[in-house]
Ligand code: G3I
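Only one chain is included here, represented as structure tokens and corresponding to the form predicted alone.
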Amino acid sequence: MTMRRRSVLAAGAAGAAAVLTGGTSAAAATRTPATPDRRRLASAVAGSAWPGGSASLRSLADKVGLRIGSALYPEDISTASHSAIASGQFDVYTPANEMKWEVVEPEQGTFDWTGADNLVNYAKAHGAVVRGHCLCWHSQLPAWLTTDVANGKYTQAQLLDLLEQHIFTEMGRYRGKIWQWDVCNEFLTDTSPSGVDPNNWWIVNAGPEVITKAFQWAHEADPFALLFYNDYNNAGEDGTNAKFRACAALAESLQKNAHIDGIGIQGHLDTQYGWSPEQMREDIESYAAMGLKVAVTEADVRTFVNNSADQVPTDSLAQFAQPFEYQEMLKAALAVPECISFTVWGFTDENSWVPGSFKGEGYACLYDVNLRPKAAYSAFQSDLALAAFGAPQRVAGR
């Protein structure tokens, strides 16, 4: 998903050879859920504080083997107030823009790994892992690539060669340091029936085999990374199940012809539209039944606001609807063990992509524009605490 754009500094090819100091292996990301401590619960009932009341989201999610994450901007790493939240609350980080092709190779053969390296090293320093996002997408491609393709410089085979080179270059640099990669992003239509979009830039210019080839190359480039297909509305979020069916069919084809580990469900919701939490849970279960892992990858819940600076909801009921919809997404994820991570697309309204993309809307994140936790944050904390510890035993009545 496109975030607010950040300028990047071009670096020479020598920068591409720099040795990374960070990263966490994919194997290290797999954890065994802790068993609820019933004695601790008994102590809580006896008079001490509820054990999840002040715990971080990441520490609570860890107790059930779930990783809780956020997309990060460079300032989320470099600014102390942002970093305190990023490192304290989340343990899986997605680069908002820093691993996209237009950023890492702004000019053909000239690479800038600054932002990506910083994020990988930051994750290592704070005991977190990274979701690589994304290798093959129709948006945020380098201008040199789209211009040359439009001018007919490359044949279909040559364009596929460039994508292969891009995948091996980027994944090779971070081999063993990225937990999950979004290999292909947003290839399905919104129509019913849904299917691979024949008008997608990659399909038009590289041919329909591009998806399968991208997954084949990605697995060869880093066999340790979990490979995901990522899309929006592929778990019934739009009120239909058309895109889920298309996504399941695509995944089944990739299981036969390439290598795929999981499905990324973006989870972008809007309080003005209805949706079915039960459908989302059922769809996650269906992906799991196919032998796939699932990750909620870009969750947020937007609503109408007074302006893009303050982002105060114009409907008082939206202040209740926003945390409710967040909670229901989280519960759907918690209900299925094969859902291994839940990532919000930026944790603060201060730099959310929503106001710049949806006119008159905002208030989409867990923290407000002043970095204060909202009701949605408290709802997450409460539900994760219940998942981690269970409900405390009732005090005996008379």
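In this text, residue numbers run from 1 along the sequence as written. Please read these numbers as outputs of a predicted model, since none were measured by experiment.
From this point on, the text means the form predicted in complex with this ligand, which you will not see here.
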property	result
Non-hydrogen atom contact residue 170 with this ligand in the predicted complex at 4.5 angstroms	no
Interface membership of residue 97, this ligand in the predicted complex, 4.5 Å heavy atom rule	yes
Residue contact check: residue 293 to this ligand in the predicted complex, 4.5 Å heavy atom	no
Residue 82: touches this ligand in the predicted complex, heavy atom cutoff 4.5 angstroms	no
Candidate stretches 113-121, 204-212, 133-141, 190-198, one within 4.5 Å of this ligand in the predicted complex by heavy atom	133-141
325, 237, 298, 91 - the one with a heavy atom within 4.5 Å of this ligand in the predicted complex	298
Position in contact with this ligand when the complex is considered in the predicted complex, options 233, 185, 216, 271, heavy atoms within 4.5 Å	185
Interface residues of 326-360 toward this ligand, as seen in the predicted complex [heavy atoms, 4.5 Å]	345, 353
